[in-house]
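Only one chain is shown below, in structure tokens, and it's the form predicted on its own.
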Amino acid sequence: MALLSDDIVQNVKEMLADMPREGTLTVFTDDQDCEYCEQILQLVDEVAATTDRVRVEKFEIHKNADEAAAMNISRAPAIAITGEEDYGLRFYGIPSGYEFSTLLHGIHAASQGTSDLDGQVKDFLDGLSKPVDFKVFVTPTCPYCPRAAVLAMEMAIESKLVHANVIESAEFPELASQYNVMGVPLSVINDTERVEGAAPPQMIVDAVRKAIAT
């Protein structure tokens, strides 16, 4: 049984129709403990079937440890979203509910290799000299989460020093506990700065500035 309805398939086709370059969804599953791995594999296949611009690669994190290490994947399920280059876009968990739009945006942005961020934010990212790691905790039922997740991804598109890790908190309770996730979206930057809610770009820039200053 298909996961995507005919209407959603049509919407995906329209959204991905103008992808200028090919994109790849590299999926890492876990054959030891993975509640939604089958659904994730089916989902990415159904997305890829809507366009000839998206291809899918599938690995098992334990059997394909070298491939996982090469993409800096340490847990599964995970989806690495890449274009002509790897911009550091990662989604951990199943991109369902509201987070399906995050997956689609990541695919399109990685294909373009550019973002819709304003000039001031781009200038700030151009001037980065230290790495920036985003962990954006989300849930599929949170309508505000895609804004936070997409912003992190757009920043990663603009700077090779930025990596965006979107984490479905219910699927990774140990991480949610480690980072004391009480509500979503929550953006954790370099494990030091926390921004709750779908904050505007300038607020995230300020948090990044604090994080790299420590």
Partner chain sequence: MFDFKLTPETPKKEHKSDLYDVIIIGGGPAGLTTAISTARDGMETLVLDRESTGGLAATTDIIENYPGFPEGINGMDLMDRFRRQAERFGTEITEFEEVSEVRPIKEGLIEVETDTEQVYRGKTVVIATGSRPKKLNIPGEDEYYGKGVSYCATCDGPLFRGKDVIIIGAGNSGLQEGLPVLDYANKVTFLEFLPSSRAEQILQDRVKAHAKSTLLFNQRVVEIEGEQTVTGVVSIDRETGERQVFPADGVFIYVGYSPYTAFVKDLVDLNQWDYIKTDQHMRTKIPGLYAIGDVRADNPAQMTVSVGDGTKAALDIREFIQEL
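Since this is a predicted model, take the numbers as computed values, not measurements. Residue numbers count along the first chain shown, from 1.
Note that the form predicted together with the partner chain isn't included here; everything after this is about it.
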In the predicted complex, segment of 24-32, 48-56, 164-172, 65-73 with a heavy atom within 4.5 Å of the partner chain: 164-172
The partner chain in the predicted complex: contacted by all of N11, I94 and C142, heavy atom 4.5 Å: yes
Contact test in the predicted complex: I212 vs the partner chain, heavy atoms, 4.5 Å: no
The partner chain contact in the predicted complex: H105, any heavy atom under 4.5 Å: yes
Partner proximity in the predicted complex: K160 to the partner chain, non-hydrogen atom cutoff 4.5 Å: no
The partner chain contact at P200 in the predicted complex, heavy atom, 4.5 Å: yes
In the predicted complex, residues of 164-202 near the partner chain [heavy atom within 4.5 Å]: S169, A170, N180, V181, M182, G183, V184, E196, A198, P200
